[in-house]
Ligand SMILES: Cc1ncc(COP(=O)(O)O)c(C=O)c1O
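In structure tokens, one chain follows: the form predicted on its own.
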């Protein structure tokens, strides 16, 4: 292979050595600070993707950097064969904030959802209900790309070409309460859902759907698993997205923002589920890494404060108002979607065109589903940065 040339773009270098599994924009980012990313020419981009809701406090937040540095000098990795103090301290904080009783740490959202599925099924198996394995999820959901999480994901196109999927998963249309009632029964282990289906198009649950889930949980004794990977850690203005909508949860999965930028996932569960788990039922080598947990604790200490969450709500209101104005101005835009700082709008024009024009204005936004533009700013975004993003988007849409 020919060596890299200093004049080659990162994109050209990337294509030489990285498997072609992502449709990447050819941008050469070398550093970030706060809500901005900088390329190697010094161009400044307003980042309203935030690592897909991962950089909850923007880039290189000083509190997080200091927490990482301090832990790196103490202990970088410790096997889960031994107690891990940063992991214990972080678990205590998460359980206090969320009201759950036990935590399991892993490395990613996919792994968290795999763990949640296994724990739910093991719970009923240990209780003597060995054939109670059905998981009911929703079309347009996204729960991950490993076989179990992919089986839960309600997007058939993502499963194409990978052979048979694990059995026991049933999908119903989002907000179709009659279909949900028809599928949930005595063999249902769990209803699994994102409080707000982000990847599927920023779909919000109806009051009737939430009520139906609670009633089915009560009637059949099934569990409810909430996938908080994108909606959790303050993204909707509450620490858990389920709390925003009033969704009852027995198990909740977290990732993305929870590791403060490092790989970390978590499964939080009620005590009755933890009571049925035994050593060896599940495990991980790297899950709950001391450095990631230290950064996660520093982040959650900030994000869980009521004043911080109120600021998320205030910035959300500003961004919502700006999106509504864009929709009024541009006839090819459809409806506003989302809550908190997980917002967007639908478009009759190809989303790829809007994203490209936004990048020309030095604004980074993302897609959701097939026809929705998604805004995921840092949770500590300023009012001025919200205004800047709206001006840039206005220019991008005008160019179309």
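Residue numbers count along the first chain shown, from 1. All values derive from a computational prediction rather than experimental measurement.
This protein has a second form, the form predicted together with the ligand, left out of what is shown; the following refers to that one.
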Using heavy atoms and a 4.5 Å limit, would one call residue 235 a contact residue for the ligand in the predicted bound form?
-> no
Report whether the minimum heavy atom distance between residue 142 and the ligand in the predicted bound form is within 4.5 Å.
-> yes
Are any of the heavy atoms in residue 109 no more than 4.5 Å from a heavy atom of the ligand in the predicted bound form?
-> yes
Determine whether any heavy atom of residue 191 comes within 4.5 Å of a heavy atom of the ligand in the predicted bound form, and answer yes or no.
-> no
Contact residue in the predicted bound form, chosen from 229, 293, 116, 266 - any heavy atom within 4.5 Å of the ligand | 229
In terms of non-hydrogen atoms within 4.5 angstroms, which of the given stretches 194-202, 177-185, 161-169, 242-250 touches the ligand in the predicted bound form?
-> 194-202
